[in-house]
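Given next are two forms of a protein chain, the same chain in both, each as structure tokens and marked structure 1 or structure 2.
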Structure 1
Amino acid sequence: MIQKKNNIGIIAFVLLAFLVTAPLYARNWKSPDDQKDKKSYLKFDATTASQGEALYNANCASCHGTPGKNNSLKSLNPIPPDLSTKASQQLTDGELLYIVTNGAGLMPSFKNILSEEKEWLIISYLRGFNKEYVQQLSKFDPAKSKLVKLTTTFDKASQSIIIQAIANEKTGVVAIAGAEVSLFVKRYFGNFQVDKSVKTDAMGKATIAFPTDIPGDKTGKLNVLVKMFEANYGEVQKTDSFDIGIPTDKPALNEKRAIWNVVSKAPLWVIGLYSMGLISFLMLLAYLLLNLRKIFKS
């Protein structure tokens, strides 16, 4: 009876374990159909490939290894594929972009780390390992994104940031409706996304509530980054700064004198003791040399 109970327990445990870990095993890098056909607006050439190589080495190589060398990180499960292989290369540009942007399985999302342009540069580098690859350029015109003007204002009453996206078309100013807008606060490493991405309304406006407890610099200044994406106009970014954080005046740890700091910031007691020792030795030396001189003169 007890045996049976145990068996049920084991089966239940295995099932549960499978359910919990299933997302890890699932090859869920299937991208949505509209993303699959997405094409780069950058023309892949030697320049973009070499720019992409630097980005690849900084962001991807630690797990995927050098393409063609089959030296990806084998201790991960599943093992990250060598991206020069046929299996990886048969993915479309859009699928690759989707995976880089959103991550897959253990692979993290690079949405907040790399801009779309940089992601395309990396794909450009990877396509260099595929001789059969022929690029199909997107019909999207990147020059259009230059027409976009983003404005950010802070509304104190609602404690939120209002973003407005307009485009200075030849025909006149057009509000960009239905664009995806995200708001980030810059920190030491990477960006911190505030709330979720929202869509602009018919006026091209979007409102994102801003928290009250984000630490800023001495005056409470925060650097914010707004990203807008719209199928027609592409990705546009804008940085701005507002005095809306909590004023924080924390001196850097290496600003004070400390044993472990650089020599110009040595603790005064160390400098004092060391100099005292040295000076008393020099005084003794002077005294002795004087005595030797006296002996010689007398």
Structure 2
Amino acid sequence: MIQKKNNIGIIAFVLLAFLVTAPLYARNWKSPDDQKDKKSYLKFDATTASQGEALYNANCASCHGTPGKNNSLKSLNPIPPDLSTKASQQLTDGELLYIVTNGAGLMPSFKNILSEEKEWLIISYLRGFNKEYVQQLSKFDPAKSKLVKLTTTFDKASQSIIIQAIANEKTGVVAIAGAEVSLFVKRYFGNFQVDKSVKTDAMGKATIAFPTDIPGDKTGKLNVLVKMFEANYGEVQKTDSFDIGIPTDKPALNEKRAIWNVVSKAPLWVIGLYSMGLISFLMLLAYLLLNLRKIFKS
């Protein structure tokens, strides 16, 4: 009996320690050393800041609030920081980019939602709240991404997607080694990442195992998105279609009668209720106008 009480006490202590220290770990979250010195290839100016503000309001303001207003979401633990403060502004551009891309603590990853260019636009907006900030541009040439060619093939034997990345340089075709490659399946409400991101080998190839249980359309077709990032060539995307999903004969969300559909396919009870409400309103309006006419006559 004493042993049982001791075990309960130890479990309670561990849980309490976790609840107390978890927020601290979230606050002390850091990006890898090799990401700290990463710089933007976009020059931050009034245009990029304006575009970044729109992206910030759409993706970040609900938790972090308006920079400088100290109105972040207080119900979260830890409370999301005001990104105009010194603590946030002392982070390097690379650290901010890594946090936005991969998330931190309760903050979700935006890797599947925002491109790297859009993430830099958000950072451009945030840097506008730091009068001491001086941008150091990356030496990367965005035009180099146009040299990249991505090819994707499905290997049935290994149930894998094989991606090859090459660049058509002036000196000839170059295999892009060490590039980060991510694979996604395009869905109605975003992109579903398949497995983890991998690096290309010396031949510019990367292999990602593909699940056998992802539903496709009637023929099993899936739209597969490949994202590649490499320091010299930037971010490149490519979409292909493969008949590698489970054939699923389900009507599209806009085919059946539903509340979110167009008027012609809205539920009959919604159309009836709306029509009754409209007729009642018009009858009430006619009654009021009739009585007003009587008042004016009298």
Partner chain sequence: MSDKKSSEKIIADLLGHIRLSKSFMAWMGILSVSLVVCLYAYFLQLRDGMVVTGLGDYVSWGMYISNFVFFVATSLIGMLISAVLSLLNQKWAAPLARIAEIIALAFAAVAGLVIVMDMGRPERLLNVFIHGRIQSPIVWDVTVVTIYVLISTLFLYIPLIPDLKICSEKLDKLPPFARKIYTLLSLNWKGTPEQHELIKKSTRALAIFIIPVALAIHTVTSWLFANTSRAGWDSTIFGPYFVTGAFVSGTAAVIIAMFVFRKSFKLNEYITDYHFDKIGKLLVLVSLVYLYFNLNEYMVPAYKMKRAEAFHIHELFAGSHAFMFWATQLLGLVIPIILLLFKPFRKPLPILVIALMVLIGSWFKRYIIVVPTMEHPFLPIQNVPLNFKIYTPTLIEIGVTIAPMIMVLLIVTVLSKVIPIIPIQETLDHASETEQK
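For numbering, take structure 1's sequence and count from 1. By rigid core we mean the largest C-alpha set that fits within 1.5 Å across both forms. The model shown is predicted, which means the values in this text are computed figures rather than measured ones.
- Where the criterion is the form predicted in complex with its partner chain, structure 1 meets it and its counterpart does not.
- After superposition on the rigid core, the Cα of T219 moves by 2 Å or more between structure 1 and structure 2.
- Positional change of G272 between structure 1 and structure 2 reaches 2 Å or more at the C-alpha, relative to the superposed core.
- After superposing the rigid core, the C-alpha of A46 moves by less than 2 Å between structure 1 and structure 2.
- Aligning the rigid core leaves the CA of N261 displaced by 7.0 Å between structure 1 and structure 2.
- Here the two forms are laid over each other by their core, and the C-alpha of R293 is off by 29.1 Å between structure 1 and structure 2.
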